[in-house]
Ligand SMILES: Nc1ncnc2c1ncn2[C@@H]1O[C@H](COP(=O)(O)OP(=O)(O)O)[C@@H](O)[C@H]1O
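First, one chain by itself: the form predicted on its own, in structure tokens.
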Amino acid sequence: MLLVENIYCSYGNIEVLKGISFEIMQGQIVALIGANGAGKTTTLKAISGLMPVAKGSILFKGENITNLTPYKTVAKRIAQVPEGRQVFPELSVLDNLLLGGYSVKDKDRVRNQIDTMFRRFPRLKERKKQQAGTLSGGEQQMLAIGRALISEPELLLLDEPSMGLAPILVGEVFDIIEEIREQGTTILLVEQNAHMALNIADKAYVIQTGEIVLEGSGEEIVNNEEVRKAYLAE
């Protein structure tokens, strides 16, 4: 479904991605793990068109989407849940969800998707007129995920979905991620909680200073001794 081939990205003169390559098959959860500053978020931004790719290519369902604008990337049915949730705090829960369907021309479809999100996240329905900035961290994460799903993406990019959440909510968020996959959405997951990410991942890649240094199934990576020492505090 997604093929990232030898991509390079830089912030000014600082090279952040140094020729990374990986593949995601349809229906998979693929985890990208690594330390802070390794290039995980930059990788997601490159896929979604928020970060220029200097060299290399990104193919989605066989089509070259390298350096496509974010708006056009969403139209290709790729959506991103950004790090830190980034809901629109002054807008209501409902208005945040409506913005998720900005690129969808069929507004009845958007309304149907919002109804689906309210069934999936009953707490959002209860708070649909409430300002998003007044929600708890867990509720904001549900809103950010729901907003991304309004456009019915085939590929969902999740950037640190468990960041700042209480442990009981982390489990809930990962249950939601698995449910989304079960309903047919392919997922690329960037996550500091490597143990949780690897436990649900079909495939995993370890990125270090802008390079992929290890790949394998989630089970293989979670049982790798070097990974356990570096990322699982064992």
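Keep in mind it's a predicted model, so treat the numbers as computed, not measured. Residue positions are given as counts along the sequence shown, with the first one as 1.
Separately, the form predicted together with the named molecule exists; it is not shown, and the next lines address it.
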The named molecule in the predicted complex has a heavy atom of only one listed residue within 4.5 Å, and of 42, 185, 66, 193 that residue is 42
Note: exactly one of 54, 166, 35, 59 sits with a heavy atom within 4.5 Å of the named molecule in the predicted complex, namely 35
(request) Evaluate residue 83 for contact with the named molecule in the predicted complex, applying a 4.5 angstroms cut-off between non-hydrogen atoms, and reply yes or no. (result) yes
In the predicted complex, does residue 16 come within 4.5 Å of the named molecule, counting heavy atoms only? yes
